[in-house]
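Next up is one chain by itself, shown in structure tokens, the form predicted alone.
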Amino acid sequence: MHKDFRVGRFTYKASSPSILHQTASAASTDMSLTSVLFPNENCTKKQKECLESPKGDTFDIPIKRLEAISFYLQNLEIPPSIITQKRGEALFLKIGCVKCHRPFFELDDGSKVRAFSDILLHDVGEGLSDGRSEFRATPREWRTAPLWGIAKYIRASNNKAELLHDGRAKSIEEAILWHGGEAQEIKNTFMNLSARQREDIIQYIKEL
């Protein structure tokens, strides 16, 4: 199989260059299912029986099924964004959140996708380090999480949301306060706002 190196856009560490690759990666990592993109069993070095087990001539997930799942993911409805919290919007811009949580992308046809992410890796500090590297992403680096639809996710989880890459944050404010590294100065500015201003930003994020 031909191998090359591409810029990633998907997964927490931006390690997948396409939705198809991310789908195959999740199948391998989460369910130990082989595919044309991940043909080897997901065995650790100590799992000798797994490593030495007979290998079949076919993959667990055929390419057509991977393509079908990818098609479904690519065609999910974009969460609506109805902004009423103008004070929060102005503060979100003023303190610098938009440096990473970029409000929109403009497509070739002129339409705008309001994902609130730059889809890039950033060093967000030792507090959020997971202690491991993934391709060229360091333990402290994470892809900027898109904020669109975050309120819908919180409602769907009965207000018991698990935010950030490992679910440690139970609220939007807690997720903000875990930021460090490149976001340290912005976090400090957020902490020095009044309680009303912080709440305005949080309510604005819930409208994205």
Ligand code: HEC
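What you see is a predicted model; the values in this text were computed from it and never measured. Start at 1 and count along the sequence shown; that's the residue number.
Unshown form predicted together with the named molecule; subsequent notes refer to it.
Peer 1: Partner absent here, but in the predicted bound form, which of 25 to 33, 39 to 47, 55 to 63, 170 to 178 has residues with a heavy atom within 4.5 Å of the named molecule?
Peer 2: Checking each option against the 4.5 Å cut-off leaves 170 to 178.
Peer 1: State yes only if every one of C97, I186 and F190 has a non-hydrogen atom within 4.5 Å of the named molecule in the predicted bound form; otherwise state no.
Peer 2: Yes, the whole candidate spot contacts the named molecule.
Peer 1: With a cut-off of 4.5 Å between heavy atoms, is L128 one of the residues that contacts the named molecule in the predicted bound form?
Peer 2: Answer yes; at least one heavy atom of L128 falls within 4.5 Å of the named molecule in the predicted bound form.
Peer 1: Given that the named molecule is not shown alongside this chain, does I69 nevertheless sit within 4.5 Å of it in the predicted bound form, heavy atom to heavy atom?
Peer 2: No - in the predicted bound form, heavy atoms of I69 and the named molecule never come within 4.5 Å of each other.
Peer 1: Does the 4.5 Å heavy atom contact test between R87 and the named molecule in the predicted bound form come out positive?
Peer 2: No, R87 stays farther than 4.5 Å from the named molecule in the predicted bound form.
Peer 1: I'd like to know if A115 sits close to the named molecule in the predicted bound form, meaning any non-hydrogen atom pair within 4.5 angstroms.
Peer 2: No, A115 stays farther than 4.5 Å from the named molecule in the predicted bound form.
Peer 1: Pick out the residues of 115 to 143 whose heavy atoms come within 4.5 Å of the named molecule in the predicted bound form.
Peer 2: If the 4.5 Å heavy-atom criterion is applied to the named molecule in the predicted bound form, 115 to 143 yields H122, V124, L128, W142, R143.
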